[in-house]
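Just the one chain here, laid out as structure tokens, in the form predicted on its own.
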């Protein structure tokens, strides 16, 4: 059970403290409630660009990494379509260094043409390397555009087009920062060998004077239920033919999120899973096959993807997948299968909770979802899923009209 204290500064910054005196370390996690879904459709990739710009130095601390390394700390960040997260781990006795660093870039990020130019080049190269020149690198650009017609999940965190980042101006970047990277839109979690009293004092000292900012009110378009199976064929210089299919699934706070998550485990969670046993091991149609999702806050996509064994026809591979899904829709799963995936999920949650850094990140995420106490009840949500729910959810999820399919063929 994760214990924590929670308070809010006058400027709206939400602070959660999770003391764990068994470790000599401390974690400072700052989560901003901004992701790629909050971008202007004509100026995408900005949330991810900021993941880089925030390490470009602030007005009072030109080099972010130098003082952190001197304090024995390490840091990193990530951006998703839903959020942006920055985290530091360092010896608890040097905790104030993390407060100094994080508060200064929230207060006064150093905007300059030179910094923007440097990070713009970094992000542009990342775009080219991973999404334009890498085999299958374009598939998720295409799949998102195929599956979403309204919701901004239709573009990736790297951005919809390379030109959006290439053409970003300093004014665009400043406007995005002052709209989203303010205390009112942030969550600070401090975990490890700390006390709530000390964190309160440090939070007031370093974050208390930062202007609140205006609360960003999210009003995203809602994706309408899909009414037809959408298909796309791609051909490129890739090593093997590949199959991709997505189904719209429930968002993170919906009951059916948990059933879909367990279904993905039944289908491809390890060597004894259904798709691996049937399509890789027995029929030898795929060299690998996976079923997964991204845990999206809003309704997301459950994905089945795999590389075909050379010489296997795409229609045979697709038919074999659909036969497995039909079996699931008609017969459901056994009690043993349900128990196995629940046990695996319980182990994964327990393993994640062993790391104080993971606990800090999870607390921030559940606070972002609206209730950090929800973290304590995740296992109960999974444990209460029944075989009947799995069956009913499978029938809704794997509806043919809810599907998006990409056949990715290799040239020659």
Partner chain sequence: MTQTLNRKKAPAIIDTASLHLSLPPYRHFKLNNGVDVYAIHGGTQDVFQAEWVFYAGNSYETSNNVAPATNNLLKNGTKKHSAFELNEQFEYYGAYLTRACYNETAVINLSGLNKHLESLLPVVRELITEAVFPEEELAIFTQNAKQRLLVNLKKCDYVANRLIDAQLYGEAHPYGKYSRAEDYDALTAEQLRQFYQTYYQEGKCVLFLAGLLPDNLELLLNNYFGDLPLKGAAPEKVYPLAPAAQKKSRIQNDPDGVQGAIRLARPFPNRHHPDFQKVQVLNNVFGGFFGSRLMSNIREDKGYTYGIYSYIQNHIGDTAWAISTEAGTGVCEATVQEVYKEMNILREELIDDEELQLVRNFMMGSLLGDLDGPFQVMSRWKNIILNNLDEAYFNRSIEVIKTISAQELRDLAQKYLVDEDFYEMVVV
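This structure is a prediction, so every number in the text was calculated from the model and none was measured. Positions refer to the first chain, counted from 1.
If you look for the form predicted in complex with its partner chain, you will not find it shown, but the lines that follow are about it.
Contact annotation: its partner chain lies within 4.5 Å of heavy atoms from the stretch 231-239 in the predicted complex, the single such stretch among 323-331, 231-239, 176-184, 139-147. Checking 161, 318, 290, 96 against its partner chain in the predicted complex, a heavy atom within 4.5 Å turns up for just one residue: 96. Checking 71, 110, 314, 170 for any heavy atom within 4.5 Å of its partner chain in the predicted complex turns up a single hit: 71. Looking at residue 298, you'd find every heavy atom of it more than 4.5 angstroms from its partner chain in the predicted complex. Though the partner is left out of this view, residue 118 does reach within 4.5 Å of its partner chain in the predicted complex, counting heavy atoms only. The closest heavy atom approach of residue 205 to its partner chain in the predicted complex falls within 4.5 Å. In the predicted complex, its partner chain sits beyond 4.5 Å of every heavy atom of residue 397. Contacts to its partner chain in the predicted complex (heavy atom within 4.5 Å) from stretch 263-289: 269, 270, 271, 272, 273, 277, 280, 281, 284, 286, 287.
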